[in-house]
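This document contains two forms of one protein chain, each encoded as structure tokens and listed individually as structure 1 and structure 2.
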Structure 1
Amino acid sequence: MNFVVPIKQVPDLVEELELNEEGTDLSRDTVKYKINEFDDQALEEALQLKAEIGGAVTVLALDGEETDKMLFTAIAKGADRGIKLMGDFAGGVAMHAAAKAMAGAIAAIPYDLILTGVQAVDDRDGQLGALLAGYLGVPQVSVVTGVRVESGKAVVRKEYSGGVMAEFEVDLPAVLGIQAAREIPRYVAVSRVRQVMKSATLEEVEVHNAAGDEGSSVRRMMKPPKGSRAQMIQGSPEEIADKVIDLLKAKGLKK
């Protein structure tokens, strides 16, 4: 079995994010990046399937800041092959263009299952899996929380709103949008990543005609308004209760 996992880096939401002067994007000079959480889930599920039924895992990503480190980290976790797609991706790339570039690269290599993250923190549509499936002409299921492979087919669990679960049997090759792997994504030590950087080699694939203006665009970004600080109430239980009642009356919530 050949598993392919597209991965990307996204802004680390733990850090303080600043907007650029135009208010159309983040100030990329100050942004710290990390692997998209759901892509990490997809990679872990691919590695679990590899251990269960055998095969090879290929990770690929668009060229960008620290892309090499991200791909080497995936190899350190257990991926067999890393592919970096080379092109003009400065300033970001539309989802359709990213999917077209990845589909072109994937079509040139053997694959049975493509596992994508179900979404990313910087996407406005989360449709990478569906677009890949459309470009490649294969079936796709998203919001997947369980995968097993039987007799050349994938049996997947899909989660709907309200906690409703469904099971689908999907012909291979196929694209699956992974929401949660069967195990927590594995940790890999920095020393191991550095070792892999010295011994492993990334493949570079030039991407042509991937640009396009399909999809949405950002006209303006704004930080959410800051609310007032919480009011701390001190005193005995009786005094606190009286103050709470007074506040509710002042806000018109109690007569």
Structure 2
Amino acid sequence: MNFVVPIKQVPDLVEELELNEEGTDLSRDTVKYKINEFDDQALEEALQLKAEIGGAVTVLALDGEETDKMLFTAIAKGADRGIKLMGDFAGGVAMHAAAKAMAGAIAAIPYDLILTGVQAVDDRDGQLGALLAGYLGVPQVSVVTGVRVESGKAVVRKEYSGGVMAEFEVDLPAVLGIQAAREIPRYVAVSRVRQVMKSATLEEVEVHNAAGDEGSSVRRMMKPPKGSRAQMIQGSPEEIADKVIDLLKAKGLKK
């Protein structure tokens, strides 16, 4: 079975996000990137499925910040093939354009199950999975936490709220937006990634950046409105503890 996992780098939210002068984008050269955590979940689920039923896992990414390292890391974790989509993607890319470029590249390779991260912190114009499925003309289900493959079909669990899930049977090929893999995404040592960088090669495919097709653009980015911020409690841990206890008392939660 051919598993395809599109992955991407997103800003690491642990770092402070700075805006550019126009206030229309992040100040890109100050951003620290990491793999979208849900893409990491999708990759883990694909690797688990491969171990379970056999097949090959292809990871692909649009060329951008530290793309090689991300793809090699995926290969070090067990992916079989890494494809880098070359085009003008500096300065970020809209999800519609990303999905179109991905759809073009994926249509040219064998695929049965495409696993994407359910969302990303910067997918302003929509989540990749359903867009990609739309352009490929294949069925999709998003917010998926459980995947089995049975008699050539996927049986998936989609999460609703309150812990309720719906089970669907899906004909392949299909796209699944993965929320969480069955296991915690595996870790791979940096030394192993370095080894892979020496031995493995990434394939490069030219794609078109259909920028503008998303029909919307960013007018302004800003920090959240300050008005509603919490009142801050300061002091030593002991002073803070006493102030918190005062709040509990005032609320009648502690005598």
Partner chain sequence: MSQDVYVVAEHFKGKLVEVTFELLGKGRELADARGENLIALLFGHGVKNLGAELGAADRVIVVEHPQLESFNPEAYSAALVEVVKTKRPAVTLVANSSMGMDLAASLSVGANLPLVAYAVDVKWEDGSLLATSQLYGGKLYVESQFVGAGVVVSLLAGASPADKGRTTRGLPQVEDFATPPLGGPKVRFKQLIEPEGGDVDITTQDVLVSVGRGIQSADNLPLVQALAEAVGGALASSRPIVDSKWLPRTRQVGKSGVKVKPKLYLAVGISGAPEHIEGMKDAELIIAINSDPNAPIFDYAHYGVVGDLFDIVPVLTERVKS
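For residue numbers, the reference is structure 1: its sequence is counted from 1. Throughout, rigid core stands for the largest set of C-alpha atoms superposing within 1.5 Å between the two forms. Keep in mind the model is a prediction, meaning the values are calculated, not measured.
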Exercise for review: Just flag whichever of structures 1 and 2 is the form predicted together with its partner chain.
Suggested key: 2
Practice item. Examine residue 15 after superposing the rigid core and state whether its CA is displaced by 2 Å or more between structures 1 and 2. Key: no
**Study point:** For residue 238, CA displacement between structures 1 and 2 after the core is overlaid, in Å
**Key:** 16.2
